[in-house]
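The chain below stands alone, shown as structure tokens; this is the form predicted on its own.
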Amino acid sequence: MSVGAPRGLASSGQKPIAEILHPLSATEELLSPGPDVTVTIGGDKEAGLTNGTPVEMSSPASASSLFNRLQLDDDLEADARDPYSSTETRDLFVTVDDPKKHVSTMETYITYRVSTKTTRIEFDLPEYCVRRRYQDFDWLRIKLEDSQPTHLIPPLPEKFVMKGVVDRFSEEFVETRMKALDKFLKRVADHPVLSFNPHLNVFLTAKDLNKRQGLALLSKVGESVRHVAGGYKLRTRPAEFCAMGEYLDTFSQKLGTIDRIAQRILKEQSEYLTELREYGTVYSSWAGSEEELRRPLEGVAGCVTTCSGALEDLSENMSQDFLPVLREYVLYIESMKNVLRKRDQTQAEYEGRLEAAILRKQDDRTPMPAEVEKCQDKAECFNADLKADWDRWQSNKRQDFKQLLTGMADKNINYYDKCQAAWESLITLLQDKQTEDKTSETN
């Protein structure tokens, strides 16, 4: 095998994992640079990367321009390229629901029911039902990240919450976390590689999940990627991966801005809702002491009450549906950046080993070592897996944000429709009252 420009390999995301011998799954001792190579020890500061071909990544000036950039068109042809997005090709279905609170002398915690239906031969039964708590999901994600270092692992909702600010046992918090855990597990189950991971099998089927033992089958897979290239300095990141990194930086910045403004809007809505309820109460008490104006005043109080309920629904949608999706993608960005850093480490390892081999070959004319070819295979497989996951992530992002923004528009339309209908009914009531008064004066 010649060592030169990287070969174009089909992603392992297009085949079942059982059919693929992944270069990173081989157990081997850590590679180190040759004696003739001078390496730079990397500290906390990330190695400088050249951008290669310039990529236009202008920052949108507003939220609307960001959404235009998210490409919220249907793009059916792009989505159709992923054969695993169709329900007809899926053979593993998972659901997270039915949260239950457990109280013991040592701790209080929430468990969730995890239901599985499958036709895969790797499972002994077609259906399973187990209960898992948050730390079990965290265990699964860590195992996936260690055993599948070349793939993007979906993020989990954050474990820790600020005490006194959020009650982690409240119905709203548990419901929001349950939806996030369900989305996490569905994304893993729909992935063409991660869904065949044996740790996922154990998570879905074992009645008693022994996290201390875990599985040793793939434990060494991630170690080489995690530890190699610690002293190398990456010379050139390919332009396409530079574009990915720049896109993630821009996307993260815009999501952070939208999240910050949305949090402020939600706070102002909460304060406005408190004032609005007090405002309606004043009209109700006034109606009790003013017989001639009782019906109009009660009508105003009813309108204010209707608007208060509509605003409460709108705020609830923002806090339970809109903001969690923003936060999920902020965490997704961090996961993707982590995979990019691992890819850079793998490339740096290959470049260092290749340079060392070339120097030795010039001295003693020895053939290119097989370990250099293995490093090249690793880098190419990493690139292919990352590209496949990037395309899948972009497709999911389009669908998620299209659904999110459509839902937000519907909720706002519903809010204003309720308010308008309430105040229009008051106008009718006042007109009827005016007609009755004129009739009384005539008689």
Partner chain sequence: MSEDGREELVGTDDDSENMAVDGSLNNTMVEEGCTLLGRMEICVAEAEKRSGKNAVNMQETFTVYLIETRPMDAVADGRNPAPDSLWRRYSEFELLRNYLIVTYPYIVVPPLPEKRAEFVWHKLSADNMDPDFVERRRVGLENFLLRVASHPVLSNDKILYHFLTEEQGWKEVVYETGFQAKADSWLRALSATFRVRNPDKRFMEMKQYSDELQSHASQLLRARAKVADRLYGVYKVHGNYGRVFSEWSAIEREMGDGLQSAGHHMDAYAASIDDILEEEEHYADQLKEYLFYAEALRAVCRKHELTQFELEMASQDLISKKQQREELATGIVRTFSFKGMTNKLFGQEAPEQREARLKLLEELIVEGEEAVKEKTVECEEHVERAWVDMQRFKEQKDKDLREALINFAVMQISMCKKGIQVWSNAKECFLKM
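Positions refer to the first chain, counted from 1. What we label the rigid core is the largest C-alpha set whose atoms superpose within 1.5 Å from one form to the other. A quick note: this is a predicted structure, and the numbers were derived from the prediction, not measured.
This next part talks about the form predicted in complex with the partner chain, which is not shown.
Heavy atoms within 4.5 Å of the partner chain in the predicted bound form map, among the stretches 267 to 275, 194 to 202, 170 to 178, 97 to 105, onto 267 to 275 alone. Out of the listed residues 92, 300, 188, 340, 300 is the one that sits within 4.5 Å of the partner chain in the predicted bound form by at least one heavy atom. The partner is absent here, but in the predicted bound form a heavy atom of 257, alone among 257, 335, 305, 111, sits within 4.5 Å of the partner chain. Contact annotation: residue 206 falls outside 4.5 Å of the partner chain in the predicted bound form, judged by heavy atom distances.
Not displayed here, the partner chain is kept clear of residue 319 by more than 4.5 Å at the level of heavy atoms in the predicted bound form.
At the 4.5 Å threshold, heavy atoms of residue 371 stay clear of the partner chain in the predicted bound form, well away from it.
At the 4.5 Å threshold, heavy atoms of residue 115 stay clear of the partner chain in the predicted bound form, well away from it.
Remark: all three candidate residues (292, 409 and 424) come within 4.5 Å of the partner chain in the predicted bound form, counting heavy atoms only.
For the partner-free chain shown, 408, 409, 410, 412, 413, 416, 417, 419, 420 of 407 to 422 come within 4.5 angstroms of the partner chain in the predicted bound form, judged by any non-hydrogen atom. After superposing the rigid core, the Cα of residue 127 is displaced by less than 2 Å between the shown form and the other one.
For residue 107, the Cα coordinates differ by under 2 angstroms between the shown form and the other one after the core has been superposed. Core-superposed comparison between the shown form and the other one: the C-alpha position of residue 291 differs by no less than 2 Å.
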